[in-house]
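First comes one chain, alone, set out as structure tokens in the form predicted on its own.
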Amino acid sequence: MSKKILIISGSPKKDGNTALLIKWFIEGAREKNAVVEIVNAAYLKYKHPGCISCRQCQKNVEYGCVIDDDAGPVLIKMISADVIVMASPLYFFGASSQIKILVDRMFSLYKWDNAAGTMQTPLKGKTLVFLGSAFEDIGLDALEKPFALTAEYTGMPFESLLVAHAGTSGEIVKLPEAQDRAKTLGRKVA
């Protein structure tokens, strides 16, 4: 059975290093007949720039954010995906704000019972993948860490591909090993 892969790009550049990593990852995944959908977080329309901590999602039976904007359908797609891929360049030692908005809104995909000390989420067991690149080799560990922690907390197997010395936008093509590693990871998770 083909795996369903949802890729969320956190880069506003359509031809940058993140876009190329995604392209190569998809090539590998499609070799294994995966069904792939890409969402570019930079082009979504939001009513609020992140979670506003209204906690209405915790009162609803359904999973999902109560704010009616473009984030809602993406969050619902995460529930039906087998693999969720987050991709971002390193922006000041963290992920881009474009992807961070969706990550913050993922709060609505968890239900906590603080009194019982329990948490439920439909994301448990799905694979979380992170694709990241940086101009130099500084900061990639900080870029990856929030995604690794999210996977661990949620009970999701985690994979990542971090490319140091990727250069400026589009220069990652000068690193053929990055292309090979992205395709290999795509095949692996598919």
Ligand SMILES: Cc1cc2nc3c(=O)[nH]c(=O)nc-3n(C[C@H](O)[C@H](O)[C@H](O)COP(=O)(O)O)c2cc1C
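Residue indices: 1-based, along the sequence shown. These numbers were taken from a predicted model, which means no experiment stands behind them.
Absent from the display: the form predicted in complex with the ligand. The rest refers to it.
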Contact residue in the model of the complex, from Leu161, Met156, Ala134, Val36 (heavy atom within 4.5 Å of the ligand): Ala134
Heavy atom of Phe107 within 4.5 Å of the ligand in the model of the complex: no
Contact label in the model of the complex: Lys13 to the ligand, heavy atom within 4.5 Å: yes
Leu90: touches the ligand in the model of the complex, heavy atom cutoff 4.5 angstroms: yes
Contact of Gln179 with the ligand in the model of the complex (heavy atom, 4.5 Å): no
Heavy atom contact within 4.5 Å of the ligand in the model of the complex, the stretch among 66-74, 50-58, 135-143, 36-44: 135-143
